[in-house]
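We've got the same protein chain twice here, in two forms, each standing alone as structure tokens: structure 1 and structure 2.
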Structure 1
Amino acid sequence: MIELIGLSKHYDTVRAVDDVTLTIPTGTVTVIVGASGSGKSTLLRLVNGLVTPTSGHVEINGRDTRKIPSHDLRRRIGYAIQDHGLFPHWTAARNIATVPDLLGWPKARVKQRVQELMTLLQLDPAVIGARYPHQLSGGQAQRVGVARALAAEPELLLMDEPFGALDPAIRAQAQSDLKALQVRLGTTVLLITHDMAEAIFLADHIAVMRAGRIEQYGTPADILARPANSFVSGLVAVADRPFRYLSLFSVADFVEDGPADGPPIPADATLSEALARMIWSGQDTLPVAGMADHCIRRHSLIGVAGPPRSGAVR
């Protein structure tokens, strides 16, 4: 468990981070979302010790990070940034091996870890490992950056706008890759974005930040259905909110008995994907792949999306 306790950073009269208290459960993805200048990146640097707090502190599994030697703290916290920050004159494999090499891991263990992570991230070690950053696509470079951040088996992975420089198609795939990787490894992730759609897709919990403070902290469903104030509500357009809410559920959770015509939709597709396909095709039902005589019905999806329950957004 990662705990931020009364964390603040002041620069003269500017309160970049102002008394933030936050608990990040082990093995979950917490996303901090907010506009530029809200204090998100400063908060991340406070967590990994790159910035010294004015007050407050961070604890990892009950241990105050101020009492952890800096080299040990670096091992326990991985860090991935928007432009991936790869060393240009080192190969992809050597970039990934950076922290294990600094920690003095045996060469055989380093090589095994590099190959393991490259394989997990769909990077062929025999092909991509020998390439230099300028020879990589944007998506490949981003995945190498994530692999480097994970190389020393950190307890916490910090990610500062990791997909911001990618084009939309590659960005969507990178988000899906990260989600699958996090589930497989069980790594605790603290990620920054200004994109609420990205936050909703990736997060177990979302912290909405403004002017150095946390406006609301909760699950994506809580943020969508019960925003704490008009600022939080304004991060998702009213017209988009039902579709974002539907994206939190999978088709498999809402199948019903009954046949349907047309190409089947995967059981792990989101309800928003199912509704979009129905609207596009003009169908009221869709068959579900691998589930004979079962379908997803349009009226069921509309029931999930609205009307809102008491206390929900209207």
Structure 2
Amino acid sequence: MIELIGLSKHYDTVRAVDDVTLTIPTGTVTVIVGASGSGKSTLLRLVNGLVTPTSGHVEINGRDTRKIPSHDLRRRIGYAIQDHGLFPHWTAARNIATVPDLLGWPKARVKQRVQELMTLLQLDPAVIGARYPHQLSGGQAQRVGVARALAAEPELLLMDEPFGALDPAIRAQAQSDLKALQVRLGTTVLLITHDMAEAIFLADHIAVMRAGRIEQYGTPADILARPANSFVSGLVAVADRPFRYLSLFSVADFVEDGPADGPPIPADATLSEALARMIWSGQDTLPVAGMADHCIRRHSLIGVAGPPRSGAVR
């Protein structure tokens, strides 16, 4: 568990980060969303000590990070940044080996770990390993950056706009790859972005940040359904908000008894996929794959997206 306790960073009169308290449960993804200048990058750098707080501190599993020498601390926290920041004079493999090398791991173990990570991130060690950063595509460089951040099995992975430099065409794929990787490894992640859709897709918890303060903290469903104020609702008020909301729930949780015709929908599909299928095929019910005499009904989907109709929020 990572705890940010009363963190503040003031530059002269500017309060870049103002009294932020936040808990990141182990094994979850917390995404901080904010515009540029909201203080989110400073907050991230406060966590690994690249910026020294004016007041407050960070605890990792109950241990005060001020008591850990800063380079030791940073070797225990993975750090992936926009434009990947790979060392241009080192090959991809050597870049990934950076932190294990700094930690003095034996050569054979480092080599094995690099192979393992490259395979995990779908980078062919024999081909990509020997390439220099300028010989990599944007997507490959981004994955090498993530592999480098994960190399020493960090207790926490910090990601500063990790997809910011990617082509929109490959960004969605990179996001789902990261999500799958996180589920597989169970890494605790603190990620910052200015893109609410990215946050909703990746996060277990979202913190919306403005002018150095957290405006709202909650699950993606909370943020979408019950924005705390007009600033947050402005961020989530996009045309497909109901669909985004539905995409947070899976079909398996809304299965009812009853027959239905047509091709079945997988139980792990999202409600937004189910609704899209119903609208397109003109059906009110869909059979669920692998569950005989069970179906999902359009009526119950309409009920899910209830909260916004409660009148409090536009």
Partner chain sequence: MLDRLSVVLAVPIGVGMWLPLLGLRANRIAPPQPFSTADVFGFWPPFLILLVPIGLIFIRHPLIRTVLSMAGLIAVLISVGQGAVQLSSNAASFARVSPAVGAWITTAGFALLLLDALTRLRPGPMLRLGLLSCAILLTSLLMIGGAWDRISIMQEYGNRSTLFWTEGQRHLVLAFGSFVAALLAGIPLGIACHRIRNLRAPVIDLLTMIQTIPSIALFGMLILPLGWLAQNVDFAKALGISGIGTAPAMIALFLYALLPVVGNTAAGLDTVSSHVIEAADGTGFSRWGRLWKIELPLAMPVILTGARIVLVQNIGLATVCALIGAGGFGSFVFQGLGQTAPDLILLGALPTVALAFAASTIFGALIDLSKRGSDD
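Each form is matched to the other, and the largest set of C-alpha atoms that superpose within 1.5 Å is called the rigid core. Being a predicted model, the structure only gives us computed values, none of them experimental. All residue numbers here follow the sequence of structure 1, with the first residue given the number 1.
task: Structure 1 or 2, which would you say is the form predicted in complex with the partner chain?
output: Only structure 2 matches the form predicted in complex with the partner chain.
message: Gly27: after superposing the rigid core, is there a C-alpha shift of 2 Å or more between structures 1 and 2?
response: No; that C-alpha moves by less than 2 Å between structures 1 and 2.
message: Once you overlay the rigid core, does the Cα of Asp261 travel 2 Å or further between structures 1 and 2?
response: Yes, the C-alpha position differs by at least 2 Å between structures 1 and 2.
query: Once everything's superposed on the core, is Ser272 shifted 2 Å or more at the Cα between structures 1 and 2?
result: Superposed on the core, Ser272 moves its C-alpha 2 Å or more between structures 1 and 2.
- prompt: How much does the C-alpha of Leu286 move between structures 1 and 2, in Å, given a rigid core overlay?
  reply: Value for Leu286 between structures 1 and 2: 6.3 Å of C-alpha shift.
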